[in-house]
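Here you'll find one protein chain in two forms, each presented separately as structure tokens under the names structure 1 and structure 2.
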Structure 1
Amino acid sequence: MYLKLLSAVIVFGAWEIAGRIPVSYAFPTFIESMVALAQMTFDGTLFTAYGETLRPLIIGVAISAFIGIAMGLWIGLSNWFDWLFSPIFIVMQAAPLAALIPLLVMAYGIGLTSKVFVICIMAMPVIVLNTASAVRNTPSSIKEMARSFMGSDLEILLKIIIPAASPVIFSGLRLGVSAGFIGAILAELKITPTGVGDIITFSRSIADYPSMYAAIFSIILLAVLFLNLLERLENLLFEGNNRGYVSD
């Protein structure tokens, strides 16, 4: 714990010193940036900005989660669906989908739709692939057990496969949210500057570097804290699952 604190002090200290030298005219000190962050927080600009940034993110992640989990379940359960759809998501997972952004802008304009789309294509593949592999990897002995006690297919899906797969599905969702953050910021920087992207772009254009660094710092902090929270929640919810399959 002390070491973590020490390591934070070292890094922020290095930032402060580098800013004071300064290594670049565009490199403000840590303290300047934090002052700018406090200012933006107190005059409310940060909150309105996050309202705008988080809207497409939440919509996009919700759509991705809903469609992604449904697709993943289906792919995991049906060989035919697996054959048909898996390759698409495997390619999507490996490919730099960000390259689609100019096309999306042409097709859907520079509004909310495009941004939601960007977040969806970034977040969906990992959710689908995680869900499908979780379903496929349900231990066969507990499926057999349910069958031997005469569970129907629906009961096996609801009482065995989904609970058994949920830790991996959940971590897929977490990775999806992480990719969604990347997409959300990319969309704001590339498509139209709104929300936090607007603060970043605008303060860069007027050379108000402390505000720019503060905005970037805040979005990274927000994403990391939120993802950490999800990870904690995951450990809390599925504590038993992680160790449960061991049969020593």
Structure 2
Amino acid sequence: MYLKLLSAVIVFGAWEIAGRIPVSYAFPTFIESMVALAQMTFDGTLFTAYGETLRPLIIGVAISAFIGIAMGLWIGLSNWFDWLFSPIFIVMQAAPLAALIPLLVMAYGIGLTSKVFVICIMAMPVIVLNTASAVRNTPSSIKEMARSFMGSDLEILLKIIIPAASPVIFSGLRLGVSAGFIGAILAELKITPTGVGDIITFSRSIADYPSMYAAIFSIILLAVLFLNLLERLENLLFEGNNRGYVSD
């Protein structure tokens, strides 16, 4: 806990010093950015913006998590399915998303659907590939032991594979959520300026750099809080797992 606070003090202190030097006229101090963040919070601007940003983000992350974990389980359990679908998600993960956004806009317009697709393209490959890797690396000795006790395939999946793979699955889920946040802001910057992306774009256009950095900081803060919540949920649901192995 103390190390995390020290890390934050170092980062914010370096930000303040860099803003006072300054390293650039477009780089405000940490204090100026926090004042702008407080102003946007108290006048309701930030809440209104997040009302727009969180809608595609929640939908996209929910779709990515549900389909991604299901696909990852299937890929990890089936060599044929792995051969057929793994390359698709590897290409999705490696593809330059900014180059695909115009194609999504042409196909689905500039509304909610395009933004959800951007978030899914960013988040789903990470979740699928991590889940598949976790399932494939489940200790075979545990699965063989379950079969020797006449365990069915469904029982092995629910009682052996998923609990053993859960830490890596949740790690992939956290990475997917992080990618989803990036996708949500990228969609707002590249497709149509709404929500927090609109604050960033408008603040940059009028040289209100403290507000621009405050909006960016708020995104990072929300992502960190959400990832910590997922980590606590993982510890609550899968207590007793250690590095993907059942210890109890």
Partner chain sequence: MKVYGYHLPAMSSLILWGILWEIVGRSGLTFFIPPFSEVIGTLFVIIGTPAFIKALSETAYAFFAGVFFAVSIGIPVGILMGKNRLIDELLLPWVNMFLSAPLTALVPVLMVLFGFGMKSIIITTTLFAIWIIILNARAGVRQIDRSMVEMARSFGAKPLDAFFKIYFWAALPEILGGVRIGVIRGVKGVIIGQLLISIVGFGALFELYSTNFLMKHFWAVLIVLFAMAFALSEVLAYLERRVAYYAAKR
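If you superpose the two forms and keep the largest set of C-alpha atoms that fall within 1.5 Å, you have the rigid core. Numbers given to residues start at 1 and step along the sequence of structure 1. In this text, all values refer to a predicted model and were calculated from it rather than measured experimentally.
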Q) Is the form predicted alone structure 1 or structure 2? A) 2
Q.
Treating the chain as two rigid parts, how far in degrees does the smaller one rotate relative to the larger between structures 1 and 2?
A. 10
Q) residue 206: how far does its C-alpha move between structures 1 and 2, core aligned, in angstrom? A) 2.5
Q) Rigid-core fit: what Cα movement does residue 25 have between structures 1 and 2, in Å to one decimal? A) 4.0
